[in-house]
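Only one chain is given next, in structure tokens, and it is the form predicted on its own.
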Amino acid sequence: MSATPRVPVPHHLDEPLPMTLPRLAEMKRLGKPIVMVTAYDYPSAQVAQLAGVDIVLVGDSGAMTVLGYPSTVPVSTEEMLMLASAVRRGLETPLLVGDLPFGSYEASDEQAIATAQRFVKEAGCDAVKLERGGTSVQRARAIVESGIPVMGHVGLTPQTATALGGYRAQGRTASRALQVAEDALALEEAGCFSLVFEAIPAAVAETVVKRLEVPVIGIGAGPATDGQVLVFHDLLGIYDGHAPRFAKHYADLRSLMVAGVAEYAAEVRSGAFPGPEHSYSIDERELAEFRAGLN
């Protein structure tokens, strides 16, 4: 008896499925850690895609890591949209979240909705992120009710770090920890599909996470959150600015990049580059005819 021929599995069935809000909620329910990274351009988006992360955040941290600003505050909506659009072109399956920059959503619900719509319509984001509790809770609710998913952000919120006493951990006193918890619960109640906890004591984060139904992504908030996020340029050792305590370097690409460019410069100056293998040829007869035509 001849063997039954093996039916090939369609290629697309082997490919990772696009991340969705229901899938994120299911990951929390099953206790499957969620992986999020930031990205600010097409190449870094491709890296995140190939690495198999779940969520990519076009963070306003790009103001510092790629645009050279001293903080996240100066970056404009247009600049963030440009970065987000580039990331969208390099991304397929991860959920794409765009950070609403400082000054683009605080004034009114109408402003918040209009800005969020631009991130979805012009940059192709799947969701947006905003910082803080307080009035941001109402802004989040308005954006959610307009049909756009929102990720909240509590603890250390860089856009308002000055008001928090600088770039330092939040929730280290009972009163401040209660404020973090209240902000988180209010944002969940407003309809946020997920929250970021930044620079919060691990024990505080663990306590609050147990009271939340939505996935919590931590950055400097300990291991009890439902997932983790790191800045692309921090985890790969590209950015030479201040590295927060919670950042872990998984590579030192900056040193490799400097060494590579320095070697290139040395070869140009010595005449070693370009070599014959880097040049194009022309048929000798064509070359002779070309030279004759110049006389």
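Residues carry their position along the shown sequence, with the first being 1. Note that this is a predicted model, so its numbers are computed, not measured.
Keep in mind that the form predicted together with 3-methyl-2-oxobutanoic acid is not shown, yet the notes after this line are about it.
With 3-methyl-2-oxobutanoic acid omitted here, the record of contacts in the predicted complex names 225 to 233 of 264 to 272, 225 to 233, 24 to 32, 248 to 256, defined by a heavy atom within 4.5 Å. Site residues Thr38, Leu57 and Val196 are all in contact with 3-methyl-2-oxobutanoic acid in the predicted complex, judged by any heavy atom within 4.5 Å. Using a 4.5 Å cutoff between non-hydrogen atoms, Ile143 does not count as a contact of 3-methyl-2-oxobutanoic acid in the predicted complex. Looking at His153, you'd find a heavy atom of it within 4.5 angstroms of 3-methyl-2-oxobutanoic acid in the predicted complex. 3-methyl-2-oxobutanoic acid is not drawn, but in the predicted complex it has no heavy atom within 4.5 Å of Arg139. When contacts are judged by a 4.5 Å heavy atom cut-off, Ile219 counts as touching 3-methyl-2-oxobutanoic acid in the predicted complex.
Residues are counted as partner-facing when one of their heavy atoms sits within 4.5 Å of 3-methyl-2-oxobutanoic acid in the predicted complex; in 92 to 128 only Asp99 qualifies.
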